[in-house]
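Next up: just one chain, as structure tokens, the form predicted on its own.
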């Protein structure tokens, strides 16, 4: 796995809107905060709206392609997720990322880009986006700044719940379950051998979580997984049957026979801890911990 260089104050950061429209006020606030430390590159066309998309496919595809081709850009940060990257991701020249490795930052719909980075063996950052930075939350801003400038600092996450026992280690991979399922359907998903799979989602009924996990397993996509780290499954409420998301996750992931830990503050919850996809992570079901040493 190749890790792009850490950012330094004054580096060029490109902001893109590859998915859905967003709150302009939050975006401007987030842009202002980033601009206080980095040199921003963005086009006002990010504020375009085309139904449920942040502008046309051509606008969004050209924007992302141009930043990937610009060797001076050290990081690409999404404004927000939603939907839209699935329409253009297969048309991007991803060899540009291999030629000029740089950080891709975001989550939710941006999982489609993390999948492409992982296919090339390039690390990326699963974490808050520009609109979230616009909310002015000190915790979020400090963690984003820290991971951009010290991405391989020691990592320690305690107090996790053991869904299935055991100890495992491997490179962190994954992201939003719905998007991983979509990437698999498109033939783009290739999880690293022996990976620790990070999963989160939002507003999906438990039976849909069941369907996606079952399909990924039946398709052989989970055969390489050595452990699972579960983030937030926000508003994934039970239907009339009463089956919970926790029950589904425990049942469908338990059959893999690998350690499964839940409770990571990652995803669509109040706190979204940024994490480097590609880092070597140790999961310890006995201690309820996820650990990564400095530099790995």
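Numbering follows the first chain given and starts at 1. None of these values were measured; they are calculated from a predicted model.
Not pictured, yet referred to below: the form predicted together with a further copy of the same chain.
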Indicate whether residue 27 is a 4.5 Å heavy atom neighbour of a further copy of the same chain in the predicted bound form. no
Does the 4.5 Å heavy atom contact test between residue 47 and a further copy of the same chain in the predicted bound form come out positive? no
Contact test in the predicted bound form: residue 206 vs a further copy of the same chain, heavy atoms, 4.5 Å: yes
Can you check whether residue 241 is within 4.5 Å of a further copy of the same chain in the predicted bound form, heavy atom basis? yes
Looking at a further copy of the same chain in the predicted bound form, do all three of 236, 268 and 271 come within 4.5 Å of it through at least one heavy atom? no
For the chain seen here without its partner, which of 223 to 231, 63 to 71, 37 to 45, 241 to 249 has a heavy atom within 4.5 Å of a further copy of the same chain in the predicted bound form? 241 to 249
Looking at 196, 199, 179, 78, which has any heavy atom no more than 4.5 Å from a further copy of the same chain in the predicted bound form? 179
Stretch 255 to 269: residues contacting a further copy of the same chain in the predicted bound form, 4.5 Å heavy atom cut-off: none
